[in-house]
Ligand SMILES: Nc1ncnc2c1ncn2[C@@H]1O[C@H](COP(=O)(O)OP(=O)(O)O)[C@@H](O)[C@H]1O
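In the block that follows, a single chain appears as structure tokens, in the form predicted on its own.
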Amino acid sequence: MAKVYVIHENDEWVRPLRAAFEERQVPFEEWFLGTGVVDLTTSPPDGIFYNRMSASSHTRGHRYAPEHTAAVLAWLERHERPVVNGSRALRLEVSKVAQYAALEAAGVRTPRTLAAVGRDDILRAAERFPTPFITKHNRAGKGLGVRLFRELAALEAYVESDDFDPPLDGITLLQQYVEAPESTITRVEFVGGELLYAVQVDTSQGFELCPADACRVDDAFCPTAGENRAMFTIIDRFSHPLVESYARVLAAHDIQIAGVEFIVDGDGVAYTYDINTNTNYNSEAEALDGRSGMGTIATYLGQRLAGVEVSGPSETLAAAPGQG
């Protein structure tokens, strides 16, 4: 029987999706790709394959999960299995440079950014970069590695200290600091390439902003509510010219499910700075709004699954590559 196969490395982030599948009676199986073997002499099973691999997998002890996923996706695509968020999506997930290139190619404004490798080049790049600016990792997730610097001396002290956090792929980004008048950003969610909803996020409490409920436990700077207002608020009847542009970018890179984030400065100029192809949702915001991101994903994948043609009995099928 064909199933939906969910490729991931974070059990906590998949729990609400499991519940959504079970509620809709969509058959599914999980491929946990923290470790495992890909047998290239076999054919993948029939079904729909949903890639939920995250750029932040290394923070949970799964250093090579994205590379493992890339191998699995290459195998699936070689056998023409339908993949939701395939190889091209993974490439953008693990590289903000690739994200900005894709956005700029579509005419979407991104913050001015320099990419530097090594401490010396970070400092050399900063000498010709106006302050204030932020640094971030090219491959991060959850806003990890984001720091604000209002003067060059502060960056020098940080880079030369033991506190310096080297990026996983060696690439540190120096980026224009865009200050929003109300300390908020907007995250636009897409499922099946279409707008699901947009959520306003309160950024006043820190940079590490992840909407998943599990982040309340794992990340000190990712609460679900501030003292005076909810941290995540779904915007009713969201409309913005960027929605159409984002849809074109996602379609051009074969991305079906994603959250795209932008910030608006004091002059009303919008800057887009992140494409998250492993998007999560906040249950408290959804409970108030009535819409469900994981429910919509489960419905979408179930509809895609209904159109899958099942191979004949002679087809050789592989074991799950995440099970060794």
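The shown structure was predicted, so the numbers you read here are calculated from the model rather than taken from an experiment. Quick note: we count residues from 1 along the sequence shown, nothing fancier.
There is another form of this protein, the form predicted together with this ligand, and it is not shown here; the text below is about that form.
Of 117-125, 150-158, 84-92, 177-185, which is the one stretch near this ligand in the predicted complex, taking non-hydrogen atoms within 4.5 angstroms as near? Heavy-atom contact with the partner occurs in 177-185.
Q) Is F28 close enough to this ligand in the predicted complex to count, meaning some heavy atom within 4.5 Å? A) Taking the distances in the predicted complex, the answer for F28 is no, it never comes within 4.5 Å of this ligand.
Checklist line | in the predicted complex, L73 touching this ligand (heavy atom, 4.5 Å) | finding: Taking the distances in the predicted complex, the answer for L73 is no, it never comes within 4.5 Å of this ligand.
message: If we define contact as a non-hydrogen atom of the residue within 4.5 angstroms of the partner, is E261 a contact of this ligand in the predicted complex?
response: It does: once this ligand is placed as it appears in the predicted complex, E261 has a heavy atom within 4.5 Å of it.
- Is T203 a contact residue for this ligand in the predicted complex, using a 4.5 Å heavy atom cut-off? Answer yes; at least one heavy atom of T203 falls within 4.5 Å of this ligand in the predicted complex.
Among M231, L242, L168, V146, which has at least one heavy atom within 4.5 Å of this ligand in the predicted complex? Contact with this ligand in the predicted complex is made by V146 alone.
- Query: From the list A198, I134, A102, V191, which entry has a heavy atom within 4.5 Å of this ligand in the predicted complex?
  - Reply: Comparing distances to this ligand in the predicted complex, the residue within 4.5 Å is I134.
Taking K3, F49 and G302 together, does each of them reach this ligand in the predicted complex with some heavy atom inside 4.5 Å? So, no: the whole triplet misses this ligand.
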